[in-house]
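The chain that follows stands alone, in the form predicted on its own, written as structure tokens.
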């Protein structure tokens, strides 16, 4: 005789069990909280909110404070087949924390401590719910920097950086977040706590840090990290130049890095970005504006900045002095919020599409994406990060829509950009991650790797409770 299926637990049962772990004040089912945690800053979700819609709502919000609490929570949720979405500060741009299957949103922001700093090894041990700005301020107070300054610096967490493989404005000098990590602690779906070994380098098979980095909460909840630190620079210099064409500026950047120069920050705008973005920040310029920031010892950066300017002049650039670079630096985080008035306008759609390519492919990639998108929208572009092998490209796309066609036009813009990226040697994301935004093209970019990723998911999270629907085209909710 067939045995009856076990009765599915109710939200009340789940609520009571989680309250046993965390207490009543750190578990919420209030409608206001459920609405606040129903989205991130993915512009497509903001379009839904503008219509008064909230299609994905969690059932509960929880605020653990320790790895042990996260472990106990996941044991409960795994046993009850309840989805869990790790949530930092909600500043992602790709729908990476949408609770597409409902369930529990696990907010990490109470896990916000710097547990210790090793002066000898220049390593900080941090809980991952700490805001980037708070981490950097405390490091600066002790004479250090991590060197990670994304545009969302004030409203994003260390865990978010790790989960999306983010880049900061100083990536040309310090690298991306994956270059700053020594080791990680994380909790698997069944509550098992795992640690990777803390060491500067290793040759012990595949690097399991990189299994978790960029995994967007689908494999584990990262709760602690050992991060590399750098001494605060003793001096800083600013340089800027204007080029007649983007090609000139790209070649100047390539040569700087080829010759071993390492500006802390570079930002090269195309003519439209120079005109619109820089004007919005209070700068008046035309052409392709390059701003550069050099950090280090006075004698060293004086030589480096002078050589950088020499390269700019040799490639058709015109010296604009230090003021444009200094002005941009002092207002650099305001750029992240310049979209707000436009997003508030009922008939506008605005988004940022960030790609990356080698120097061989970067100009063809820029031309192809700009030409294709320019038929549908106003397009601004800039190079936010540069490396010896190539650079990132960030396109700001703005178009007018009607209520009836806004989702169709938005999706068409992304289809156009992703297709152009894949056809012209680019990658579909440099720093923002994948989320729900780019899953369709991830399979095209990584046709052989995707089955391996899905195999890891089945092995580490067989009940599919961790952030279901991300890094996967299909959304399969737990039973």
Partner chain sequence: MKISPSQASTELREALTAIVGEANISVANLERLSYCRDLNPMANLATNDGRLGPLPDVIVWPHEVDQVVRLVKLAAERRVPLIPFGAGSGVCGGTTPLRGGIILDLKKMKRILALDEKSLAVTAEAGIIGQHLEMELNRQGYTMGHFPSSIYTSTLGGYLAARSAGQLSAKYGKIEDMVLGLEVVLGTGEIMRTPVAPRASLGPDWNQIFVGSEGTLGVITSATCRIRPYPPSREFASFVFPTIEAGIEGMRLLMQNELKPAAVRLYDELDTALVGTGSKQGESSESFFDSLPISQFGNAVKSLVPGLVRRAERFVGQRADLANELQRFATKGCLLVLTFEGEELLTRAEKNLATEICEKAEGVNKGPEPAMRWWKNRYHVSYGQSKVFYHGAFVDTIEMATTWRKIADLYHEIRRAVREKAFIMAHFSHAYHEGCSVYFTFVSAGTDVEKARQTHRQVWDAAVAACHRVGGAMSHHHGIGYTKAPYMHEEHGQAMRIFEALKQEMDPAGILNPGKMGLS
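Residue numbers count along the first chain shown, from 1. Model, not experiment: these values are computed from the prediction.
Omitted from view is the form predicted in complex with the partner chain, to which the following refers.
- Using a 4.5 Å cut-off to the partner chain in the predicted bound form, not one of 36, 67 and 347 places a heavy atom inside that distance.
- Though the partner chain is absent from this view, in the predicted bound form it lies within 4.5 Å of a heavy atom of just one residue from 388, 374, 143, 321, which is 388.
- Checking 408, 279, 400, 197 against the partner chain in the predicted bound form, a heavy atom within 4.5 Å turns up for just one residue: 197.
- Shown alone, this chain has one stretch from 443 to 451, 54 to 62, 40 to 48, 27 to 35 that lies within 4.5 Å of the partner chain in the predicted bound form by heavy atoms: 443 to 451.
- Residue 357 belongs to the set of residues with a heavy atom inside 4.5 Å of the partner chain in the predicted bound form.
- Taking the partner from elsewhere, residue 421 is found to have every heavy atom lying beyond 4.5 Å of the partner chain in the predicted bound form.
- When contacts are judged by a 4.5 Å heavy atom cut-off, residue 202 counts as touching the partner chain in the predicted bound form.
- For residue 188, a non-hydrogen atom is located within 4.5 Å of the partner chain in the predicted bound form, even though that partner is not displayed.
- Along 423 to 441, residues 427, 428, 429, 430, 431, 432, 433, 434 each place a heavy atom within 4.5 Å of the partner chain in the predicted bound form.
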